[in-house]
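Below you'll find only one chain, the form predicted alone, shown as structure tokens.
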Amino acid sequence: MKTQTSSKAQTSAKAQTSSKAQTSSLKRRKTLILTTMMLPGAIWLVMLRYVPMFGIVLAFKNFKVYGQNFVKNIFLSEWNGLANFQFMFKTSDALRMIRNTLGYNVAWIILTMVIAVAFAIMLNEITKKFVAKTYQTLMFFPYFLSWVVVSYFVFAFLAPSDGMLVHFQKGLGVTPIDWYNTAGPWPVILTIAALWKNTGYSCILYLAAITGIDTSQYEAASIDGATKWQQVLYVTLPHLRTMIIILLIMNVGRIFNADFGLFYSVPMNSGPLYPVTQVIDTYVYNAMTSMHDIGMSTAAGLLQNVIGFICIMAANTIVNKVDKESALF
């Protein structure tokens, strides 16, 4: 009997060991598969995001070309400290380009948030799926267009000789506006272009958050006599708070950056429009193409990203103190 019991115990132990080995093997295989799936994205992230960070040293060097080897040129170039950062603040255009960059970003962050939330709520109220999907597609489509393409759409309206608005003004007997030499209307034109192209993306994000709200809450509110506006105010908006704050934090991180394609391509880089269209990115580009100073442009990019990082940390810290659940991290 003892021999049989011992034999059974050994068999059971072997079965458990074999089962554990199989489980461990399956876990390793699953980990390997998931790691393999992750590798392309990880390689892309390292190669295009982390390896180029070595170029940050150019912000503190007086870059000179000594030969065809770019890396060797970096090492041979002399250190010049913070001299590359001074050009952004010593120029007479410094206040103007910083004002334009911050002003447009603040206005567009607020307008995009309000308009995108409003459209998301309206889209959610459409009962016919085909109509809702059609509206979503039409709103999201401009996001995929290049600013070069958009600039030609704008040019079709504002072209000095045969633009649609020019023909309309002539038909009314009004002297046509030379749009590409008149700075006054361009803050509005740029705002319309930015909202038309980017609002759809935020709208889809808010719409996804709205569809995740439990419908029983709307039913309960309706039974209690709440109107549609009250349901939006007391059910929808509180559930969107986290999404709104996360997108707000991410947008605040880019408050010192401007959309180069918008400010360069849409106004056609017209000189008379610089008072309202020149931002940090376009100024750096124009300065680099004329002066060929890579160190200067690197310093500007580094400064923008450092300020963006500080803004993200500050905004997230404030949100953490007010509502930890809505913080980004």
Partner chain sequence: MKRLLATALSLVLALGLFAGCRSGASKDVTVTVLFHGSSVAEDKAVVDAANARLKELGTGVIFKPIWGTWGDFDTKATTALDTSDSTVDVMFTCSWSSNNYVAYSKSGHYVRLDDPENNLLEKYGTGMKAAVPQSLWDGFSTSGTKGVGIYGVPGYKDYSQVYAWDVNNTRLAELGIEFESINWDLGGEVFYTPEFENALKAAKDKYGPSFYPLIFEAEPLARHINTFDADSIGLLYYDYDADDPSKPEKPTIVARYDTPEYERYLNKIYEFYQAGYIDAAMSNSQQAGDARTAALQAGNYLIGSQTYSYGYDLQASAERGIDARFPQIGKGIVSTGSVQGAGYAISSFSKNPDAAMKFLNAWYTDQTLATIMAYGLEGTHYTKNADGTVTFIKEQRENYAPWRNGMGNIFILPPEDVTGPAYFEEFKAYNEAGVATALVGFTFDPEPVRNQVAALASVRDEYLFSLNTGTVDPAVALPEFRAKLAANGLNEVVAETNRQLEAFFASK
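Fair warning: this is a prediction, and the values are worked out from it, not measured in the lab. Basically, rigid core = biggest C-alpha set you can superpose within 1.5 Å across the two forms. Numbering follows the first chain given and starts at 1.
The form predicted in complex with its partner chain is left out here; the points below concern that form.
At least one heavy atom of residue 294 is located within 4.5 Å of its partner chain in the predicted bound form. Its partner chain is not shown here, and in the predicted bound form it never comes within 4.5 Å of any heavy atom of residue 261. The shortest heavy atom separation between residue 160 and its partner chain in the predicted bound form is within 4.5 Å. Heavy atoms of residue 99 never reach within 4.5 Å of its partner chain in the predicted bound form, leaving it off the interface.
For the stretch 38-74, the set of residues having any non-hydrogen atom within 4.5 angstroms of its partner chain in the predicted bound form comprises 46, 50, 51, 54, 62, 63, 64, 65, 67, 68, 69, 70, 71, 72, 73, in sequence order.
Once both forms are fitted on their rigid core, the CA atom of residue 275 lies less than 2 Å apart between the shown form and the other one.
Comparing the forms between the shown form and the other one, the C-alpha position of residue 63 differs by 2 angstroms or more, with the core used for superposition. With the core superposed, residue 294 shows a C-alpha displacement of at least 2 Å between the shown form and the other one. The pair residue 52 and residue 147 is looser in the predicted bound form: their Cα-Cα distance rises by no less than 3 Å compared with this form.
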